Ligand code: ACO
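The form predicted on its own is given below as one chain in C-alpha cells.
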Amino acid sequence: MYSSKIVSLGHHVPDTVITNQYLSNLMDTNDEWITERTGIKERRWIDPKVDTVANMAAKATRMALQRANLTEKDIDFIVFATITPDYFFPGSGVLLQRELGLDGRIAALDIRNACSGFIYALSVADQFIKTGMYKTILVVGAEIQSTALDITTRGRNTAVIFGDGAGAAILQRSDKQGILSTHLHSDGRFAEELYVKDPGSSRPHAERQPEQILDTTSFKVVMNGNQVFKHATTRFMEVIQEALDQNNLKKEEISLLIPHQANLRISQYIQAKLSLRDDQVYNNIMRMGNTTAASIPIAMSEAWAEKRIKENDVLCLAAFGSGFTWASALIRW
C-alpha cells in the first residue's frame, strides 16, 4: 500500500476586512462583546462582484501549485469541501475544475461536512492515494458565508463569527508516510443544533415556491451556542487523543496543533487540557473569523509560510462542527 504526503499548501482570502467596529455600526454589539465571546477582531468578506467559491479556491490552488513547482495538469483528482457552493447544484468541485482549465480526464468530488469538511476531504484523498488510484490530489476547503448572514441585531450571535476564504493542499504519493492516520465521527441526533434549514427538498412543493416565502428565517444559520461549545470541547479532546493513541504518540510530541478556527475560547480550552505551549498551537481566528471548511487549510498555509511547520514535525488537525461531525488527522511533515 502506498503512502500520501502533503507537498504544498495555499490560501486566498478576500480583500475586504470587516472589523468589529464596522459591525457595531450595523447591529447592537461592540468590540469588547465580540472579543470576549469569540476572540475575533476581524474577518474577511467577499465582494459579490468579484469573488466566487470556485475562483477563490482556484487562487488558493495556484498558490499551492506555484510553491511546489507543479502545474494544473499535474492534478489527478479534486476533493472539494464546502457547505456554501456557488450553485445549489452542481457542486463547486466541477466549477474549480473549469477554473483551472482541466478537462474530463479528472474527476471532482464534493464533501459537505461543514467545519470538519477539510479533514474528511483529506481522509478521502489519503485513501485514494493509498490504493494507488491517484498520484496527485488537490484537496480544497472554501466558503462564502457573508452573503447569507443576518447582519442585524437579531442575527448578531452568528453574524460576528463567520468569514470567507479558501485553502488548498496538494497530496502526492510518497515513499515516506506523511498522513499517519485520520479519524472521522458523526452524531446526527444533534443536527438541528447547528444548521440552515432551507432550501431543503423535504418541504411540500407549495412551500418551496419563491412567492410563498415571506419569512426567510429558515434560510439563516441556527446555532445553539451552549450545546455546540459543550460538545465541541469534549469531542475535540476525544478525537485528538484517538489520533495519538493510534500512533503510539504522547501529547508532548505534538509539534503543532491546528484546530478548526471556531472560537478562540475552544482552542484555548484544548490547549490548556493538553498542556501545550503557545508555540504548539496555531490560531488565526482573530484575523479570519470562522471560515468553516476553509479554516484549517488557511491556517496550515499561513503556518507553513511563517516556518511554523518544519520537516519531521508532528501536526495534529482537529475539527468539530455541524452534523454533529468531528475529525482529526495526524501528520508527519
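One-based numbering along the sequence shown. Owing to the predicted nature of the structure, the values given are computational and were not obtained by experimental measurement.
This next part talks about the form predicted in complex with acetyl coenzyme *A (ACO), which is not shown.
Only one segment in the set 297 to 305, 269 to 277, 60 to 68, 28 to 36 has any non-hydrogen atom within 4.5 angstroms of acetyl coenzyme *A (ACO) in the model of the complex, and it is 28 to 36. Contact check for W45, I83 and S146: none of the three has a heavy atom within 4.5 Å of acetyl coenzyme *A (ACO) in the model of the complex. Within this chain, G10 is remote from the site of acetyl coenzyme *A (ACO) in the model of the complex, having no heavy atom within 4.5 Å. Although the partner is absent from this view, N157 contacts acetyl coenzyme *A (ACO) in the model of the complex, with a non-hydrogen atom inside 4.5 angstroms.
By the criterion of a heavy atom within 4.5 Å, Y134 is excluded from the residues contacting acetyl coenzyme *A (ACO) in the model of the complex. In the model of the complex, acetyl coenzyme *A (ACO) sits beyond 4.5 Å of every heavy atom of Y87.
Between the options A125, L256, I240, L194, the residue in contact with acetyl coenzyme *A (ACO) in the model of the complex by a heavy atom within 4.5 angstroms is L194. The single contact residue among T182, Q97, Q172, N263, judged by any heavy atom lying within 4.5 Å of acetyl coenzyme *A (ACO) in the model of the complex, is N263.
Contacts with acetyl coenzyme *A (ACO) in the model of the complex, taken as any heavy atom within 4.5 Å, map within 279 to 312 to N290 alone.
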